[in-house]
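Let's start with one chain on its own, the form predicted on its own, as structure tokens.
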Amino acid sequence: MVKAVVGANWGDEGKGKITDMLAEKADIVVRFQGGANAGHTIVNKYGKFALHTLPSGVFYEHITSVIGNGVALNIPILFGEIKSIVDRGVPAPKIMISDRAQIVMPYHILFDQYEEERLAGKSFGSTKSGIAPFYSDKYAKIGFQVSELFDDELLKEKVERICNIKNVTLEHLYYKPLIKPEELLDTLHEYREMVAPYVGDVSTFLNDALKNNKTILLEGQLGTLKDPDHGIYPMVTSSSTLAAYGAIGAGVPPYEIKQIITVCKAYSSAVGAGAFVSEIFGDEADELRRRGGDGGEYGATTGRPRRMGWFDCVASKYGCRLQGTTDVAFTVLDVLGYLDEIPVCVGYDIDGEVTTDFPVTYKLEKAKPVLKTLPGWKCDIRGIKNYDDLPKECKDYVEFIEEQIGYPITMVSNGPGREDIIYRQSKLSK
């Protein structure tokens, strides 16, 4: 059975925690897209961790953690991450890297930085992790696939060819130092030595696992609104963030994905530029940011303060629909316990007309939030295990949002730990 854990919104919804929690009863966890440009924060018996490339199943000894072919693989970051968790007492994880995954090259990171510098005030708010240049090269068919590391003749010829292409841009657009082919080849040989013990045919491995009734978790990065086709283009990432892409980025048949757990925050947050209709500012935002998450709302990869907002029913309904949601995991509900009343965005006012359908970007830029205010519950709900034991106002909040988005909220997270979860029976569950 294949289950996908994906984000409904801008990312930072708490997918790492939900994957870590579900991995207890799974066999394999697969990262199927994205790179080290966003992180998943996880709190468990070993401590607090921010993972960037490693799948969020690495804390269980029974899990095989897979880097799928859809991932932007930054090899030094991956191996630095493995060392960082092992150094803190986590047993060495079982890792498999797809021979069809492609490699984030050092020049991808440089090009990302140079382009943001060149664009200056019109930049895309990149994390400068090399992701856009990486995917550009992949689809221009000038990327390096892991399998190519093991073909010396191909590698040598390709390095010369790629340097010729890249150096034209470096010299005439960015006015930066050129890439030396011999140095690049040395780097690729180092990468080969690092990955050699872990490389395998992932799609065959997963096919065999499915034949043996294993449970596979597909772990998505970011969320629907950062998808390049269906998100807030152009302020999006460069790989599909949708569960449907999990079939491609992991190499499994789409009909094997039986459950799609879409993670939603009980309020909104975003890192990076782009339209954000329910955004709040000033002291109100600072207070929510300070109380949010576990230790505050700051990007797990960048450390940047997240932009804050109230729950957005319009964006979340759209996000869940595009993911093909079977279950909603509703996270960080405990954070809102300090509020007397809680605004919720239930519609967008665009040029005087109210809509509950998520629009294209140029209309989104003009949208003003239509807010409905609900009473707060004014207490700490951490430690509560049963849904019926939550305060009435808290349950009313969950049920109001479930009604607005139209997808069943079957999990409610009320703390950062993997045990801080409440399961509930939704009337919307099929």
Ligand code: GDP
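Each residue number is its position in the shown sequence, starting from 1. Please read all numbers here as calculations on a predicted model, not as lab measurements.
Separately, the form predicted in complex with guanosine-5'-diphosphate (GDP) exists; it is not shown, and the next lines address it.
For the chain shown alone, residue 31 is not a contact residue for guanosine-5'-diphosphate (GDP) in the predicted bound form, no non-hydrogen atom being within 4.5 angstroms. In the predicted bound form, guanosine-5'-diphosphate (GDP) lies farther than 4.5 Å from every heavy atom of residue 166. At the 4.5 Å threshold, heavy atoms of residue 45 stay clear of guanosine-5'-diphosphate (GDP) in the predicted bound form, well away from it. Not displayed here, guanosine-5'-diphosphate (GDP) is approached by residue 12 to within 4.5 Å at the level of heavy atoms in the predicted bound form. The stretch from 325-333, 187-195, 67-75, 168-176 that comes within 4.5 Å of guanosine-5'-diphosphate (GDP) in the predicted bound form, counting heavy atoms only, is 325-333. None of 382, 62, 366, 392 but one reaches within 4.5 angstroms of guanosine-5'-diphosphate (GDP) in the predicted bound form through a heavy atom, and that residue is 382. Using a 4.5 Å cut-off on any heavy atom, the residues of 406-427 that reach guanosine-5'-diphosphate (GDP) in the predicted bound form are, in sequence order, 413, 414, 415, 416.
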